[in-house]
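One chain comes next, on its own, written as structure tokens: the form predicted alone.
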Amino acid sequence: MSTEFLSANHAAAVAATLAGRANRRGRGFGGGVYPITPQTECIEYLCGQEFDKGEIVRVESEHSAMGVCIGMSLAGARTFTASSSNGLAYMAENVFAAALYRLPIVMMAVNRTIGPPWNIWVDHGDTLALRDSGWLQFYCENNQEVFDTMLMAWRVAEDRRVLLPVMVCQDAFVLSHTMMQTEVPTLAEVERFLPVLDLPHRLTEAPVTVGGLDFPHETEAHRRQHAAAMTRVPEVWREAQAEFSHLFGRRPADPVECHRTDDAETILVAMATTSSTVRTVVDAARARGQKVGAVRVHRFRPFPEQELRGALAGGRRIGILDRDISLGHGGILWSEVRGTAPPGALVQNYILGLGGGDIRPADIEDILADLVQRREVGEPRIMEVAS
């Protein structure tokens, strides 16, 4: 184990490099890659690495990048790509295909605002638009968590009880281009954590049709199988957490992380880097005697309904913070989390940081002040934050 000073882009690339080399005794490693700000540094690093078996293929578009991943994964290789924003939108057809083929592809998604007008800063709307695609989705808070979640992603995705692709999401520039000390295990340690991939439905010399025509009853059967695999993710994640903790000495994040919620009457819910700022404000409010807590959603798909019900059980006022917007409706996180609030709780949506606007403690303080004085729920509120 070493400690390295890495951006989150490079943390993801280093994790992918180690995971790829760890599969050299299997069918190797590879993927298709295409640059888009702000994930380009990740694939630039990866393209400079050598692998005993397999290769990174530079392609002409994001659609082709996922196409290469699908082909390599069907051949039994451990696979990876990265994308963002409009690149994810262009890739969308093959994003769905990868999940429906039940392929354990891992993708680093750097959350960026979809344009036009063009904007290269953070917004969660790009990946949340793909929430129904059949991929697991994790939203990371810091660079170490990006690295750890990447390794966890392959461990869970490649488990025969799951066999589904995974998005590891990080905030553009807030994480992708900022650096922090990151603990990096050795290749031998990663090999102990990641078994060699043996994809049960990989292509062989025996003739087989992939992606043929399904009749209605066959599609129903496939969707039931896919849904059932999603229900097995929590158990597989817990097992992988335990093994990761044993090998590396730190515990990967739970699907839902609570901060000072035991007696909290007011609870703020957020994802990704916003959660760090929320905790700072919660601690300051506690110092003033307010019973305030924070909840962070790390795993958005499969949706952690039971964990959220437990986390929010004591809340009388719940503020759900979205760095995204479903136009004509409200925040996407709010639209799903509000159903887990206890009966009678006041649940208010706050939308902030769209297009990469800074989310500062003062902005969270404004939200908290609004929430504690509310007597009834209002329309989702789009907050004004400093540019």
Partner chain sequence: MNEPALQGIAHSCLDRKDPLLRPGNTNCGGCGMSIALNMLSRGIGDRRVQLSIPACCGIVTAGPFPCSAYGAPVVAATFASAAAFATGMARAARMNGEPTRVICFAGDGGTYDIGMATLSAAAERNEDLLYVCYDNEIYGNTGGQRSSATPLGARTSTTPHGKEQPKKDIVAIMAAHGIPYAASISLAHPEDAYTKFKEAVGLPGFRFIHVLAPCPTGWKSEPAAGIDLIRLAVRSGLFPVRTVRDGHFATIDVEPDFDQDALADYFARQRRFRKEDVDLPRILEAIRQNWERLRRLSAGGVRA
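Numbering follows the first chain given and starts at 1. These figures come from a predicted structure and were not determined experimentally.
Absent from the display: the form predicted together with its partner chain. The rest refers to it.
At the 4.5 Å threshold, heavy atoms of E305 stay clear of its partner chain in the predicted bound form, well away from it. Among residues of the shown chain, S64 is one whose heavy atoms approach its partner chain to within 4.5 Å in the predicted bound form. Interface membership of E60, defined by any non-hydrogen atom within 4.5 Å of its partner chain in the predicted bound form, is confirmed. At a distance threshold of 4.5 angstroms between non-hydrogen atoms, M72 is in contact with its partner chain in the predicted bound form.
Proximity to its partner chain in the predicted bound form, defined as a heavy atom within 4.5 Å, holds among I36, V347, I332, I56 only for I56.
Of the candidates V162, L199, A97, A253, A97 is the one whose heavy atoms come within 4.5 Å of its partner chain in the predicted bound form; the others do not.
Here the chain stands by itself, but in the predicted bound form one stretch of 181-189, 311-319, 204-212, 104-112, 204-212, has heavy atoms within 4.5 Å of its partner chain. For a residue to qualify, one of its non-hydrogen atoms must sit within 4.5 Å of its partner chain in the predicted bound form; none of A15, G134 and H226 qualifies.
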